[in-house]
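Just the one chain here, the form predicted on its own, laid out as structure tokens.
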């Protein structure tokens, strides 16, 4: 029987990084090509028939919507082909969760799309990139991965794009799914799934990039003690289309910031309440009366993912109620 055909798209990141020595922390991201990285995967030829393309070669701190649009278009093009069974994207870890979530909403295929990377550069002792890439290919090549949306595979764990987040600055087990747990694990070259995502994604998503060349501008305001509306006011003055407030606890808002967000909403700026807490949902109408202010609660989406959903939502509607329903559905 022929092996599954998996395309690896390279975007750079630590997995493609090189350092000055094998034990020092200083390194530069995005130095090696994806074709070079594949050479460090002995035995991968028994898992899948690989092809590769270099999309960009950057540190993911520089990832943005121009590259997102390019990736999404290429992924949709590739997965429409009968001879491509799945895609692996090598990516820096800083914004991996955001790229995964964006693609989860705009990819139009049930075939697996997997993001993977590394916390240690390719030249480091104990580099984790080869093992993560191998596991990513295992997941992308498995028929059981179909229909589960875009996934992140790191440290032998398979994460849902919606829930996954980076918790540690340097640890190799930095990626967690704190609210609902992982989708499954990779063991001995096979994937063992325990659950599937329940929210809308990929082929069930209404978001489409056709005819769109940019996303609406949405900013994030991070809550803290002794809050001020200055940052909110600056975003309104800069004509941002939306604001996500990473609030205290259950999305709570300092009274001065609340005044600024209320004024922003009256000027037509959409406002989403999220939380700076790592775990739990920002629930509707808790200490903040969302109906009164026409704010949208982010649910279990963190601030950076709430921002992306609001951006995509604003490409379809300016209606607060329709946008609120999107946050209940995705």
Ligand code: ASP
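Residue numbers count along the first chain shown, from 1. Because the structure is predicted, anything quoted here is derived from the model rather than measured.
From this point on, the text means the form predicted together with ligand ASP, which you will not see here.
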Inset, instruction - Indicate whether ligand ASP has at least one heavy atom within 4.5 Å of a heavy atom of residue 60 in the predicted bound form. - result: yes
Inset, instruction - Answer for residue 104 alone: is it within 4.5 Å of ligand ASP in the predicted bound form, judged on heavy atom distances? - result: no
Inset, instruction - Answer for residue 29 alone: is it within 4.5 Å of ligand ASP in the predicted bound form, judged on heavy atom distances? - result: yes
Inset, instruction - Spell out, yes or no, whether the shortest heavy atom distance between residue 217 and ligand ASP in the predicted bound form is within 4.5 Å. - result: no
Legend entry - Among the candidates 94, 256, 208, 156, the residue which, in the predicted bound form, approaches ligand ASP to within 4.5 Å (heavy atoms): 94
Inset, instruction - Please pick, from 75, 133, 119, 223, the one residue with any non-hydrogen atom lying within 4.5 angstroms of ligand ASP in the predicted bound form. - result: 119
Legend entry - Which of 209-217, 107-115, 236-244, 86-94 lines the interface with ligand ASP in the predicted bound form (heavy atom within 4.5 Å): 86-94
Legend entry - Neighbours of ligand ASP in the predicted bound form among 153-171 [non-hydrogen atom within 4.5 angstroms]: 166
